[in-house]
Structure formats: C-alpha cells, structure tokens
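Before any questions on binding or motion, here is one chain by itself as structure tokens, the form predicted on its own.
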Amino acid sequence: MPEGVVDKREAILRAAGKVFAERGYHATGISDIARELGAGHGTFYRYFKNKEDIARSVVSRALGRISDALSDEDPGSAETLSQYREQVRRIGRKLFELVVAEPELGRILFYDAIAIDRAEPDLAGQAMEAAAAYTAAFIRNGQDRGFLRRDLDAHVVGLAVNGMIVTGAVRLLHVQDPAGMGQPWIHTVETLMFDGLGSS
C-alpha cells in the first residue's frame, strides 16, 4: 500500500477513534468523523466501505497498540521467581500506562467493541480468547518452573487474570487520579496470583 494511502488511512482511523470514544459507536455518524478529519465524505469512502468497516479497523488498531506495547515480553523468559514477579509487574505497568496515555483506546475496547459489528459478532470474543492464550503462556511458564500451582487450568487462570486487568483498566477511565491507581491495582493482582486470599 503506497505511503500516502497508509498515512491517510491512519489519519481517518485516529479521527474515528477519537469520535467513537467521545460519542460512542451508535451515536457517531460518518459526518462526525469527516468533520473531525476536516475532509468530505468522499475521502472516507475511498478507504472504508461504511461505519462498521472503519469501526472494526479502529478496534483492530487498538488491539494492535496493546500487542505492540507487550511485543518485547517473552512468556518463557523468566527463569527465577523474582524475574517472574518483576515481569508480572512490568506487564501491568505497560498496560496501565497505555490506557492512561490513550484513554480513547480503553473506551473503544471496553465499551464499543462489542457493539460495532453485526457481520463479525465474534470480534470481541476472539480478541478475549487471544489475550487469554497470551496470558496462559505466561501462566504455564510459572507452573512449569514451580512458581504457580500446577493443578489449575492455565487458560482459565489467564482469563481470570485478564479479567482483573480489564476491570482495572475500565476503572482508570472513571477516576480523577488514574496514574495513582495503577500501582495499588498491579500490586493486588500480583498478590492474588502468588499469595491468594488466605490470611496465613
């Protein structure tokens, strides 16, 4: 794809992401995106078929941002418990910092992703399963090395851990001091992973 086409398509995706985050998917029209972009409807339709098409692309772009943020984290790299716990904290920080820096990304993923697609209704579900598989690979490394219990299903644990992370990320969108919330949340997720809820 020529560079100019890529740049224009990216500009449309950024504008659409901003408007979807502000207005919500259902309340957003092509005219709203065009107005944010400062271009006519014709420009939009040269790159996307309709609002649903661009919304799917916006969600895919948001998922790509998360993937990029974690691209240097190898699930099997931690060889000691201290390395493993530090990797857990590091991943948590990266995700929270991304949501704080780009809150529209969180709003799109956590509020609009499920609503956007009639033609591809499993988009959000597939993304959740992919995220669970990614986390499960980290869980298996911890189990194989004896850092985590081996009697629990790694995939189910991955879904549970991701649920805690997503809940925290959603909460970030509604608090006055999102930057101050990250560390306590990451510490709690880490504690639950390694120490559980027992008092002893």
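The shown structure was predicted, so the numbers you read here are calculated from the model rather than taken from an experiment. Don't overthink the numbering: it's just position in the shown sequence, from 1.
Although it is not shown, the form predicted together with the DNA is what the next lines describe.
Taking 4.5 Å between heavy atoms as the contact cutoff, choose which of Ala69, Ile30, Leu173, Ala137 touches the DNA in the predicted bound form.
By the 4.5 Å heavy-atom cutoff, the listed residue in contact is Ile30.
To verify the annotation, which of these, Arg145, His155, Arg65, His41, has a non-hydrogen atom within 4.5 Å of the DNA in the predicted bound form?
Result of the distance check: His41.
Contact of Arg61 with the DNA in the predicted bound form (heavy atom, 4.5 Å):
Residue-level check for Arg61: no, no contact with the DNA.
Partner proximity in the predicted bound form: Lys51 to the DNA, non-hydrogen atom cutoff 4.5 Å
Looking in the predicted bound form, residue contacts with the DNA include Lys51, since a heavy atom lies within 4.5 Å.
Although the DNA is absent from this view, report whether Arg149 comes within 4.5 Å of it in the predicted bound form, heavy atoms only.
Because no heavy atom of Arg149 falls inside 4.5 Å of the DNA in the predicted bound form, the answer is no.
Could you run down 45-63 and flag each residue that has a heavy atom within 4.5 Å of the DNA in the predicted bound form?
Counting only heavy atoms within 4.5 Å of the DNA in the predicted bound form, the contacting residues of 45-63 are Tyr45, Arg46, Tyr47, Asn50, Lys51.
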